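Take a look at this one chain, the form predicted on its own, written out in C-alpha cells.
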Amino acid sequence: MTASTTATGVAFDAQGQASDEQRRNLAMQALVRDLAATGAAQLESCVRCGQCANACHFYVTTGDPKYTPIRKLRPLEQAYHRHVGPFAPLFRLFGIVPRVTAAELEEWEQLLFDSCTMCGRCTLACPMGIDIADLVKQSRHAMFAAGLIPDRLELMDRTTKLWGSPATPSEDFADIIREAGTQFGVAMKIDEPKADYLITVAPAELTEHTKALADAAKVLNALGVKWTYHSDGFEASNIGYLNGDIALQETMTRKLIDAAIKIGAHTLVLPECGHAYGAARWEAGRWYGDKLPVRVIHMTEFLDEAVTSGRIKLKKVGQSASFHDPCQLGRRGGVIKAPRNILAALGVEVKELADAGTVGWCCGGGGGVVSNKRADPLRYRVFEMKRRQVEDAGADRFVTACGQCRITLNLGASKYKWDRKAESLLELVADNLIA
C-alpha cells in the first residue's frame, strides 16, 4: 500500500502494484459492469438542479462545491457516456467525453470515501428520484477493483478475510461471549445446535462495547426464547459492503444466512449497526433471490416487537431524550416509529432534533468514514452541527441505535470536551427490564 498526493495536493492511498493505466482499466471495467438499466436511467435523469448539495452534511458544513453529491458520481457518469450510453460511439469518436484518467480516479478516492457516508439524504432530496447514495456505492466497487481505497479500510478488509471479522479471529468469538457473560453476570448461549433466533454482532461489541453482548442476552433470556450466538456466523457489519468489495460482501452475508439455516433459526437479529441493516436486510437478496430463507431484522425492530406485544416490561425511566436516527435504519430502512415506541414504554419524553426521522442529519462517520483517519477533519465539522442540534433540543439524554454512530458522536464529544454522551437504546432497555 502507498500513501500519495495528486498534483493538486489531494491525498489518496493505493493498494497493490498495478500501474496507473492498469488501475484506470480495472476501474472502468467495474463501472461498466455495474451499470444496469436502472443506473443508466438515473444518470440520464440528472438535471443539475443542485438540490442534493444542501442535503449533504459535508457540503453544508464546509461550503466547498467539490463536496456536492452529484460531483462524486463524475467518474461513473463519464464512464457511462463514453462506454455504455446510446451516443457512446460518437462521444468516443469525436472526443466529446474524454477517458477517465488514473489521476482523476485518485482525486475521486477522497470524494467517494472521505466525504460520503452513503447516508441517502441526497437521494431523498433529488426531485428526479436518483439514488445517489447507491450510485456512490457502485462507484466504490470500481475504486476497490482499482486498488484505490483508504489504507484503514483496506486493512479492515484484509483482516476480515483472514479472521472472519475486522475485530477478532472467529476462533476467539466464543471466548469473548463467555467472558462478557461472566463480566456482566448474564447467562450466555453460544454455538447452540438448534435455536429460533440467531443473534449477530458488530465489531465494536467485541472490543469496547462488550456490554451490548450481555444486554442482548439479558433481553432474550427474559423473553424465554431459544436463541444463540454462533461462531459460524456472527460478524454483521460487512466491511465488503462499505469498501466496494463485492466478493467479501457476499461471503459475509452468506456466513450469517447460512448459519441461521444450519441451526434452524427463523429470525436473524442484526446488532445496533446501521450498515449491517443495509447489507443483510436489503442486499442479501442478491444471492438468495427475492425471498430470504430467514427473517432478517434489526435489534431495534426486535425490541419494539417485544415491548409493544407486552412480552417484556420496562421500568419507567422518566426524563427526556433526543433520538439520533441512524441513516441506514431510519432513512434507508424506514424504522422510525420503533425506537420512539421503546422510549415511550420507558416513560421517556422524546424531544426531537430540528431534523429528525427520515430527514435526520448523519452522524458523519457512516460508510466507513469514522474508520478512515484521513477524514477526521471533515467528520468533526459534521459533529459540530449535530452537537448544536442536540443542545437546542434541550433533552436530558441523547440516545441512538447504532454502535457506529455512538462511536462517531462520542469521539466528537471527546475532542470538543462536550459533556454529553450518546447512549445505546439496547442498553437502556436491558438496564430497565422488569424481571
Partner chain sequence: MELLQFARGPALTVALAVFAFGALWRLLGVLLLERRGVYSAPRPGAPSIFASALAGIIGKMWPHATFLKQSLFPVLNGYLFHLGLAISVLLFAPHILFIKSISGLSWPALPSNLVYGIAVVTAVSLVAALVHRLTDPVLRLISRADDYVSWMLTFLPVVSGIAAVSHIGARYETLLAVHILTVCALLVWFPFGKLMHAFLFVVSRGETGIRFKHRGADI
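These numbers come from a predicted model, not from an experiment. Positions refer to the first chain, counted from 1. Here the rigid core means the biggest group of C-alpha atoms that line up within 1.5 Å when the two forms are laid on top of each other.
This protein has a second form, the form predicted together with its partner chain, left out of what is shown; the following refers to that one.
Within 4.5 Å of any heavy atom of its partner chain in the model of the complex lies no heavy atom of Glu109. Though the partner is left out of this view, Lys373 does not reach within 4.5 Å of its partner chain in the model of the complex, counting heavy atoms only.
Contact annotation for Glu77: at least one heavy atom lies within 4.5 Å of its partner chain in the model of the complex. Within this chain, Pro98 is remote from the site of its partner chain in the model of the complex, having no heavy atom within 4.5 Å. Of the residues Val225, Ala103, Ala344, Val359, just one reaches its partner chain in the model of the complex with a heavy atom at 4.5 Å or closer; this is Val359. Among Ile261, Leu162, Leu90, Val317, the residue placing a heavy atom within 4.5 Å of its partner chain in the model of the complex is Leu90. Listed stretches are 153-161, 171-179, 186-194, 77-85; the contact stretch with its partner chain in the model of the complex is 77-85, by a heavy atom cutoff of 4.5 Å. Looking at 129-162, the residues that come within 4.5 Å of its partner chain in the model of the complex, counting any heavy atom, are Gly129, Ile130, Asp131, Asp134.
With the core held fixed, the Cα of Glu171 is displaced between this form and the one not shown by less than 2 Å.
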